[in-house]
Structure formats: C-alpha cells, structure tokens
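To begin, one chain is listed below as structure tokens, in the form predicted alone.
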C-alpha cells in the first residue's frame, strides 16, 4: 500500500477522504445520476466551515458563494463548465475540488498545451498491436475524456486556450452529441449520465488559440475574480498558510502578510490601495497564489537562516524574485514603486532600507 503521507502532492480523494465519507454518509439530498453526493453537499465540501458527523469540513474555496453554486448547477446539466480568469484566481483549485466531490476522483485530466493532439482528446492506438493484429479494442488507447464518458464522471481540461484551434474543434461534436466515434472498429462510445467537462482558460492566453464562438456556446463560462478587498485577500493567504503542513515552526506576523498582499495588489491593479496614486503595473502576474508562494518562501528563509520569525529581511530578499519575472519590462515599474510608494510610507521604512 502506498504511503500517501509521503507523497509530495496527494490526490484530493486521499487528502479529504474523511470529509468526503462524512458528507456522503449523512447526505439525504437528491443526487444527479452518478454523482457521489447531492449539489448541496458538494457546496458544503467546497465552502466548508461546518461540522458533519463529527468531522470538520475545511474551506476549499474562499470567495463568492453564488459563483460556486452556479458552477455546481452547470455540471448537473448537459452543458460543460469553463472557468476563466487571470492566473492565480483558483480556477484549477476549484475545478479539482468540484471533480472530487462529484465523481469521487480527480484522475481524468488533460493538461492543455500546444503539444496536445487529437489522440489526447479522443483516443489513440498502440501501433505495435495495431500492426500485429489490425484494429481491435485492445489496441485502442483511451483518452481521459473517453474514460470519463464510460464511467459517467467529470473530466478536467486545463489551459483550454493553449490547445491548438484544430484540436479544440474535436470538442464540438463531443460536447453536442456526447459521443466518440471509433470508425476503425465501427463503434461509438456514448457518455453515461454524470459525465461532464470542467475546462479552465487563462485570460493572459487569449491571443494564443482563441476559443471559437461555436465552442464557447457549449460551455457555461464563469469569470473567476481576484479577491475584491485587501482584507479578503489577506484572509485567504492566512488560511492557506495555516493549512499548509510546513516542517518549520516559524512565526509570521499579520503585518508582513498584509504588506506582501498590498504590494501585489497595487502592482497588479495600477493604483494604491487608498486610490490616491496611480502607478505602473508589472508584466508578471502578482496573484493571490503568488503571494502565498512568496510568503512560504519567507517562512523557509526565516526558519533556515533567520530567527524563526518572518521580518522585513525575508520579505526584502524574496520580493524581487517574485516581481521581476521579466527584467526588461518589470524593473522600471518596480523601481518607481519603491521610490514613490514604499519610501513614502512611514511604517514601511524598514522594508525601504533593505530593498
């Protein structure tokens, strides 16, 4: 048996096994065909902050409840779901947790890229077996969508807009007719009830392989927003840092979390938090996820080389690596921000002196 505790990134079905079992055991609501739990219990699993049958359900997504409800309702219909937004707005995070709550697993996944092929979307062949015996079922290599259609489960497609347009077009008839035709075997695979697709698309990739209007019509599109306020984003970051199992006992003052989040928000939006000053934005995506990663880095710095407490020293050492992803384009806005914003805040002088 695999020791899941030693896995770098656990499957959600293993990580949240107790929560999923508790919700399923006490679920008396109506379940769509092949769903593991009712839509109401799926919502409970995603939003958390409740106790079910003695098990605390942790929050998975801290954001707009209506957005999650819309996503769940969409997946109960025959329309696919497209989560779109800027990088770091929890598109993949929400998609993965919806899949495990609805289907009980997260194994059906297509990672979109310019190298994605028709075989990745539909099916391929084991060519050695194909040459030896001709077309037969054992030689067919099933895609993630093919398997999820057979099992009546959720399939996820990451970075849909990075898949070439010709390959995207394979989804048109698949989403409309809910079938895959295998002409070599004179056979067709029809989706079982419960099958659906959750796709994600990065707004920064709009110019890569734009989705056709025909394909967009087959999805219900949900725009994933950044947190609307500094307080909300700080709460998300604090929660994520609390739930991450870090091997170090390091104190991280709320003040330092707030500073990193505020810097990222201001460089992302092009205006200071009080709306009094416009600033130039950076090309790098300074998302909530990036803030969490940056602060995790600070925790390790403080634990390994500091005094066990995150201070301006760790923040100053880590910020440039997070912000200056494109030196040519990001250096000028960052230098201006240090001079015009950080240097003029009395309570940020410790950070100013170190940057």
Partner chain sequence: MNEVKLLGIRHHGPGSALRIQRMLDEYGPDIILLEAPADAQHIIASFNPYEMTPPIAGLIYDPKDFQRAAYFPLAAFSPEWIALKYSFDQKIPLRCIDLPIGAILKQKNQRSRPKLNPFYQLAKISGFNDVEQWWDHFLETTTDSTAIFDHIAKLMRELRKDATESSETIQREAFMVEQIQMATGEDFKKIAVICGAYHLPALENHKNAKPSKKSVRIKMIKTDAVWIPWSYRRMKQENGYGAGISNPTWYHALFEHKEEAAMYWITECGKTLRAVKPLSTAHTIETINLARGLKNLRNKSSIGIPELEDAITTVMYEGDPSWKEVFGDKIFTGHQTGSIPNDLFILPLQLDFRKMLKSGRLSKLLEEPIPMNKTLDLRTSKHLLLSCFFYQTLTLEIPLAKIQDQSISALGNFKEIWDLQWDPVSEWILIQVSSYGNTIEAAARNKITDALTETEIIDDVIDLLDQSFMCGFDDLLDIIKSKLLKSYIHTDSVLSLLKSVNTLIHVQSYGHIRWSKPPELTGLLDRMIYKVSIMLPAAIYSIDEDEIEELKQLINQLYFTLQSGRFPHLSSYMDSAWLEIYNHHIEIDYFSGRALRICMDLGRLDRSEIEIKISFVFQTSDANQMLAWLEGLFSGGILWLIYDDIFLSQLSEWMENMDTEIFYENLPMLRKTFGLTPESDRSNLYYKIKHGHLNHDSSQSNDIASPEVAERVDSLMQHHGL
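Positions refer to the first chain, counted from 1. Remember, predicted model here, so these are calculated numbers, not experimental data.
There is another form of the same protein, the form predicted together with its partner chain; it is not shown, and what comes next is about it.
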| item | value |
| --- | --- |
| Proximity to its partner chain in the predicted bound form (heavy atom, within 4.5 Å), stretch among 141 to 149, 226 to 234, 169 to 177, 212 to 220 | 212 to 220 |
| Interface membership of residue 69, its partner chain in the predicted bound form, 4.5 Å heavy atom rule | yes |
| Partner proximity in the predicted bound form: residue 262 to its partner chain, non-hydrogen atom cutoff 4.5 Å | no |
| Proximity of residue 165 to its partner chain in the predicted bound form, heavy atoms at 4.5 Å | no |
| Partner contact for residue 116 in the predicted bound form: its partner chain, 4.5 angstroms, heavy atom | no |
| Contact residue in the predicted bound form, from 137, 275, 77, 249 (heavy atom within 4.5 Å of its partner chain) | 77 |
| In the predicted bound form, the one of 40, 293, 34, 53 near its partner chain [non-hydrogen atom within 4.5 angstroms] | 40 |
